[in-house]
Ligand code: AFP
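Shown next as C-alpha cells: one chain only, the form predicted alone.
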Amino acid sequence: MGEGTSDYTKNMVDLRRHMWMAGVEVELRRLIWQIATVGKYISAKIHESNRKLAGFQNVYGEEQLDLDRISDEILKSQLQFSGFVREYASEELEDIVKIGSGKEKYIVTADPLDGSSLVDTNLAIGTIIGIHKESVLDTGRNTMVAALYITYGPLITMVYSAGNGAHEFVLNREGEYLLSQEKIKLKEKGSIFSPGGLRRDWTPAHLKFVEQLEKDGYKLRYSGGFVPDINQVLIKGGGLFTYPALRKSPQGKLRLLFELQPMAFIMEQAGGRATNGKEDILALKVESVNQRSPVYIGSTKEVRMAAQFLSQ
C-alpha cells in the first residue's frame, strides 16, 4: 500500500484488520476499537442534541454543554468494564479516577468532546484520546503508546497511531471504519496556518512570526476547533496550528494532557513536530491534570521558524 494514497482495495481494509496487519498488540487494538465504537455513540448524541446548555459549569469554569457531560459519561462507562483500563482522566473531571480493578494495562486520557461550543453553528468538532501504560503525571518523558482523534463533520473520520505511523479511517453507512489513508506524511513545509487567540493579546515575538507567515503567503484556515484545525493540517499534508502564550495567559489555553500530548504523538508519527515554542510537547513534565501549554504543531519548517522568532 502506498503512503498517503487512497484506492478501492485500501478502502476495503477495516480498522480491526488494519491494526492486526500492523502488529498492534491484542489488548491495545481491542481498546482502540472499543474507543472508536464509542465515537459512534457520541456522534448519535450530537445529532440528537437540543443544543441547550446544561445550566452548570465544568471544573475549569467554562460553560459546559450537556453534550460534554454526556460524552464523558458514555466514554467512561464504556471503558469502566472493558478489562483494559485501570485509570481514566478527562477534561470534564477534577482528577484522575480509577475505573478498573487496578490490574489493567492502560491509562486513558480524554477530551470527550472538543469544540462543543461550535455545535450550534454546525461546524466540525471531535474527540481526543491518549493511551498510556505508565503514570501520566510527574514525568518528563513520553508515556503514551497510542493516540487517536475522531472528527464529527460531514464525514465521521478517525486518525489513530500506535507508534507505527498515523492512519485515517472513514466511518461508512454500515458502521465500519474503513482505511482511507495509511501512514500519512506531512511535507516539510506547508501552506496553511491556524492561529488561535486574539491578535491584540499576542506577544510581540509571536506577532512577528505570524506577520512573516502572512508575508510568505500562508493561507489562514482557522475554525475555532482544535480537532478540525489539526485534522486539516494533517490531511492537507502540511501547515501549522498554533495557540500561543498570551500577554495575560502565558501558558496559553490548551491542556497538555488531554489535547496537546495526543495530537503531538500523532503529528510526530506523521513526520511533523509539536513544541511549546522551545521544548517538544512530549518532553514537557505533566504536573497537574489541568496544566496548559502554548503550542506550535505541524510541519517541521514552520515549527522551527516559530522557535527562531520566539528566541529573538
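These figures come from a predicted structure and were not determined experimentally. From 1 onward, residues are counted along the sequence shown.
Unshown form predicted in complex with the ligand; subsequent notes refer to it.
Fill in: Triplet 84, 88 and 100 all within 4.5 Å of the ligand in the predicted bound form via a heavy atom
Answer is no for this spot.
Worksheet item: Should residue 209 be classed as touching the ligand in the predicted bound form when contacts are defined as heavy atoms within 4.5 Å?
Response: Residue 209 lies outside the contact set for the ligand.
Worksheet entry | Contact flag, residue 191 vs the ligand in the predicted bound form, heavy atom cut 4.5 Å | Close contact is absent here: in the predicted bound form, residue 191 is far from the ligand, nothing within 4.5 Å, heavy atoms only.
Worksheet item: At the 4.5 Å heavy atom threshold, is residue 153 in contact with the ligand in the predicted bound form?
Response: Residue 153: no, not in contact with the ligand in the predicted bound form.
Worksheet item: Does the ligand come within 4.5 Å of any heavy atom of residue 224 in the predicted bound form?
Response: Answer yes; at least one heavy atom of residue 224 falls within 4.5 Å of the ligand in the predicted bound form.
Worksheet item: Exactly one stretch in 111 to 119, 179 to 187, 71 to 79, 212 to 220 has heavy atoms within 4.5 Å of the ligand in the predicted bound form; which is it?
Response: Of the options, only 111 to 119 has residues within 4.5 Å of the partner.
Worksheet item: Since exactly one of 30, 45, 253, 285 fits, which has a heavy atom within 4.5 Å of the ligand in the predicted bound form?
Response: Contact residue from the list: 253.
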